[in-house]
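First, one chain by itself: the form predicted alone, in structure tokens.
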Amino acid sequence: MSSKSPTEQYTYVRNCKQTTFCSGIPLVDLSKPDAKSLIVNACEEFGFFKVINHGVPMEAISMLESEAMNFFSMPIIEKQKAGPANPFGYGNKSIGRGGDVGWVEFLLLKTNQEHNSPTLSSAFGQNRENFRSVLNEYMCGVRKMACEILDLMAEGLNIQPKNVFSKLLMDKESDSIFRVNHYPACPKKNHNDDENMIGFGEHTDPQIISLLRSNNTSGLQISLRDGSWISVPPDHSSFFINVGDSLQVMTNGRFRSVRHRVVANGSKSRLSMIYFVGPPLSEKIAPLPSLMKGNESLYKEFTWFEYKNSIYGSRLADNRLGHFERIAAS
């Protein structure tokens, strides 16, 4: 991979106008009895919410963030030993195979640690086992939180059994992944510039849910149902939860996957860590019968493997579920 500077290597997008922070992001306290109803309401209205009292130790969060920043602070030639991302490993600027680029570098890993050994060995050397240990502690905490949230979703929807979602995560064949994104500080073109550089273009996540934690730097934006964009105030001690395409299908459109994007910060770097809850590759994705109540399915049944294949070369902003929607007869 080239060691040229970002502006020499790619043409970047500066088309993202400033937005205002939104104080109305749904907040769910996982320790309170009303958590399940608040989660359902948030998934229906926003496809997005923030959780507190999540149970993930702050020490584990801080340690992994520190290790990640140490990695991204290394010379490019050292980081490239963990790449190129295909799809796992280290990537820089290029996002996926659809031609999208952003002001971002990342490390994409399996949540099954056995699969990460070659990547970690190449990039972390003698520090490999320390990074593996810190990563494992963090992912164990996030996995437990994810199961709790998924079970609360099922309870809030009055679905039995309540592990209908979480069992997909706990399956030994679960296709969950873990991603660390680093957005270097990106100064504006001039003092009066009211546009921001795109760090990660608008998209929905294809999995069931995504659990995001970032440092105290702004940049994340979500799209509301009317198509307007709002900026999410950063909160380094909480987690943000995204509804993904697969959950949208399983709830027959009752929950909607949220379109989101990241804009580069002009003065500070941003680090985000995302745990994507994916089902086994052979899992059939279709609306749950208990949620249909006599309604027709809005989607054709597909396996997670089929969906991953269909979106592999797509652009980030594409409506990737469109190929699987049932078109009503005219």
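The shown structure was predicted, so the numbers you read here are calculated from the model rather than taken from an experiment. Note that residue numbering follows the sequence shown and begins at 1.
The same protein has a further form, the form predicted in complex with a small molecule, not shown here; the description that follows concerns it.
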Q. Heavy atom within 4.5 Å of the small molecule in the model of the complex: which of 168, 212, 142, 198?
A. 212
Q | Among the candidates 51, 39, 64, 262, the residue which, in the model of the complex, approaches the small molecule to within 4.5 Å (heavy atoms) | A | 262
Q.
With the partner left out here, check for me: in the model of the complex, does some heavy atom of residue 179 sit within 4.5 Å of the small molecule?
A. yes
Q) Is the gap between residue 138 and the small molecule in the model of the complex 4.5 Å or less for some heavy atom pair? A) no
Q | 4.5 Å heavy atom contact, residue 203 and the small molecule in the model of the complex | A | yes
(Q) Although the partner isn't part of this model, could you tell me whether residue 183 comes within 4.5 Å of the small molecule in the model of the complex, counting any heavy atom of the residue? (A) yes
Q: Would you point out which of 225-233, 150-158, 254-262, 129-137 contains residues with a non-hydrogen atom within 4.5 Å of the small molecule in the model of the complex?
A: 254-262
